[in-house]
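Below you will find one chain, with nothing else, as structure tokens; this is the form predicted alone, and questions on how it binds or moves follow later.
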Amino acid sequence: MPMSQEFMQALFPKLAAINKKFAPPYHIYYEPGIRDTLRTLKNAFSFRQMDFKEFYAVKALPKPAIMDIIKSEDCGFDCSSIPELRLARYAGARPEDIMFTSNDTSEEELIEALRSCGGCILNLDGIEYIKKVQALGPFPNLISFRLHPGVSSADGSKDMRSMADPDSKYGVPIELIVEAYRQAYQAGATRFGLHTMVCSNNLDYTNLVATYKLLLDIAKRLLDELGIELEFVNVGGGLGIPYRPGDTPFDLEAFATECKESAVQFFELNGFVPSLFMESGRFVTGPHGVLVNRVINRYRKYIEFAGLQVAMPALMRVGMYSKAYHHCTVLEQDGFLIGEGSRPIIEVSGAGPICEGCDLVLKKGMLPDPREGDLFITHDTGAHGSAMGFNYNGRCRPQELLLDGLGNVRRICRAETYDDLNARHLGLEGDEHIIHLG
């Protein structure tokens, strides 16, 4: 949806000065918005019976400056690769602040997760990884498993097929979940957690409530069958943001209220309730970033186009997902809003220069007729924007900036250069780079 009024009022009057110092294109992120979202999230789940912790999904925006903000708000990190683990540790995360949830996990990744900097919370994606972890040394004291829910729900009120693909590669099938904990206990684990992730960018909070209830249902089974008291359940991410202006925002208050009710019921029946963990990425940073482009060409084929400096190398979602949409705004070249009625409103697509027809940030949107030199703002790029960028045609990804609460702007990631792209082709003359088979 359109960026918040607060973000807009903080950014738009400064665009002329920003563009003079840091010429477009660039992503720019709004620090006060990120902090406010994290605090709102934590406050929503603050109540006596249950502890709550947000583990920010690093894959959404893996930038040290952003992770420093997350860490300063007492949040952890959800990681799924060695680079993400190292970014979290570089940000000062302790082992208990890192949840490592990979899939198709290599031995190298398991070693990095378990042995470096005191380890982390290891969240295994399959029962087959138990023996692989055993082979690496002492089995972790604390272990978690990711659940594949199949088509089950806790009370039959939700058909998980509407959220979780039964053919998904992720998680321990629900029929094997108790056996996974039995084997982990026999291997030496004494503390346990449970995780699942069944939906992405979901705006219906009742789907996340069903997920939480399912995890509590499994927690009850583990207690009854194995005597295991789970320390935490992790509902994953999945909290959506309203990309389209007409979308209804995710009802965080209602979600938290129903989770609290379920937690109290579980506590009354069992004498404890697991902590609630969450790994929101998009919800935390997504609305607090925009991509600033210039219109460099204005042309018509069978439809109207605004030719932009960059599209998919900075934002893949619109080209990659058929239903993806990002709201866009056209401003005059100095950053001023275009006066109402001063230009015709037309149907236009925002396209980039790579050799793919899907190289778009906007498909047939209604905007004031763009002109060469105008600024073209794409909203909601604070998650899965720069992180999913690529270099097809040798195109370089743009720089990234941060706007803080004092109105200052600093570059937190420079633009790529051709030398960056060419670096991997250099220095390959040594014997270690050739095998003689002739």
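Just so it is clear, the structure is predicted and the values come from calculations on it, not from any experiment. Counting begins at 1, following the sequence as shown.
The same protein has a further form, the form predicted together with a small molecule, not shown here; the description that follows concerns it.
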query = Exactly one of 328, 143, 172, 197 has a non-hydrogen atom within 4.5 Å of the small molecule in the predicted bound form; which residue is it?
reply = 197
message = So the small molecule isn't shown here. In the predicted bound form, which residue out of 53, 35, 59, 411 has a non-hydrogen atom within 4.5 Å of it?
response = 59
query = Heavy atom to heavy atom, is residue 384 within 4.5 Å of the small molecule in the predicted bound form?
reply = yes
ask   = Can you check whether residue 309 is within 4.5 Å of the small molecule in the predicted bound form, heavy atom basis?
value = no
In the predicted bound form, residue 148 touching the small molecule (heavy atom, 4.5 Å) = no
Partner proximity in the predicted bound form: residue 238 to the small molecule, non-hydrogen atom cutoff 4.5 Å = yes
query = Quick check: do 19, 397 and 400 each get a heavy atom within 4.5 Å of the small molecule in the predicted bound form?
reply = no
message = If contact means a heavy atom within 4.5 Å, which one of 345-353, 278-286, 247-255, 69-77 is the stretch that engages the small molecule in the predicted bound form?
response = 278-286
